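Here you get one chain, nothing else, as structure tokens; it is the form predicted alone.
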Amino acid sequence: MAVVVKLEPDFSEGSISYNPDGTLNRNETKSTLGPHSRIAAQAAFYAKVKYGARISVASMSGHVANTALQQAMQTCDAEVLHLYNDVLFAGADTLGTAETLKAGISKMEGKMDIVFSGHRASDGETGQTGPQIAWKLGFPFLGHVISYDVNLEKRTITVKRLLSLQGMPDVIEEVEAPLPVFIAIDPSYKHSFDTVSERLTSEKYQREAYERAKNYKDRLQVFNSEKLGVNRGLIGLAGSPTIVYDVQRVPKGKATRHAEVLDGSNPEHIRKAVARMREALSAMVTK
């Protein structure tokens, strides 16, 4: 199976840098494995423990030292890492990105039975890339997946999808499909290993993943447009029909909390903290 991941700005750092035109300056902004990509990698790890799956991770990025791939490997214990890096990939919208990733997945060893992606990217929020890759691969697309089980003999997959409709109760839909499929994992996805054997296998692969990630470049394969054999008219800016009419900065929110640092070894500070907690608790008592 394959997992498509993205190197995204680390918004938790508070050090987002912008270019004069309002676009994101990725060179000056710390990046990390996207949170939705991490969930997709966790879903792939479930298949490794449960079914002995072989995992390849793919990412398109202008950064040759793509830490997202290293972090994804540590999450899912991938055997192979693919990085698609070329100046011709720059400026791609979701459709141009999907073309590059489709070509890269097709280059992976063996035919993929399942391709995972996150629900969306935190720096794009479109949720379009996954469905477009599925369309280009010719795979059935299953979105908002919260759990899945594979029947290896029948080569089918049964998934549960979370359907949230405005003003309506949430619905869980169960879908069965033949392999291969493309799955976009819902942010609420969580797996569990119910047997002792699965837990032991999980711990074994987690240790293996940690060691592999230390030397992730040993398993990293880098592809440019020529190696992928892509049509230059379908990738990057040339293959992107999206027109950005305007870009505006997101205004910085005003601080609504006041933080005070207390020293736990200072008795006066401890008494101050206890007094504050008593005040808070007394205010919560209903009389």
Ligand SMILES: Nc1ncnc2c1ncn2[C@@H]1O[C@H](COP(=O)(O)O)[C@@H](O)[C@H]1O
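Throughout, we count residues from 1 along the sequence that is shown. The structure presented is a predicted model; accordingly, all values stated were derived computationally and were not measured.
The discussion below concerns the form predicted in complex with this ligand, not included here.
| said: Can you tell me if residue 188 lies within 4.5 angstroms of this ligand in the predicted bound form, counting non-hydrogen atoms only? | reply: So residue 188 does not count as contacting this ligand.
| Exercise: residue 119 in contact with this ligand in the predicted bound form, heavy atom 4.5 Å | Contact with this ligand, yes.
| message | So, residue 130 and this ligand: in the predicted bound form, are they within 4.5 Å at any heavy atom pair? | response | Yes - in the predicted bound form, heavy atoms of residue 130 and this ligand come within 4.5 Å of each other.
| field | Partner proximity in the predicted bound form: residue 73 to this ligand, non-hydrogen atom cutoff 4.5 Å | value | No, residue 73 is distant from the partner.
| message | Which residue, 31, 59, 56, 225, is the contact with this ligand in the predicted bound form, using a 4.5 Å heavy atom cutoff? | response | Result of the distance check: 59.
| field | Interface segment, criterion being heavy atoms within 4.5 Å of this ligand in the predicted bound form, picked from 161-169, 148-156, 198-206, 96-104 | value | Going through the listed ranges, the match is 96-104.
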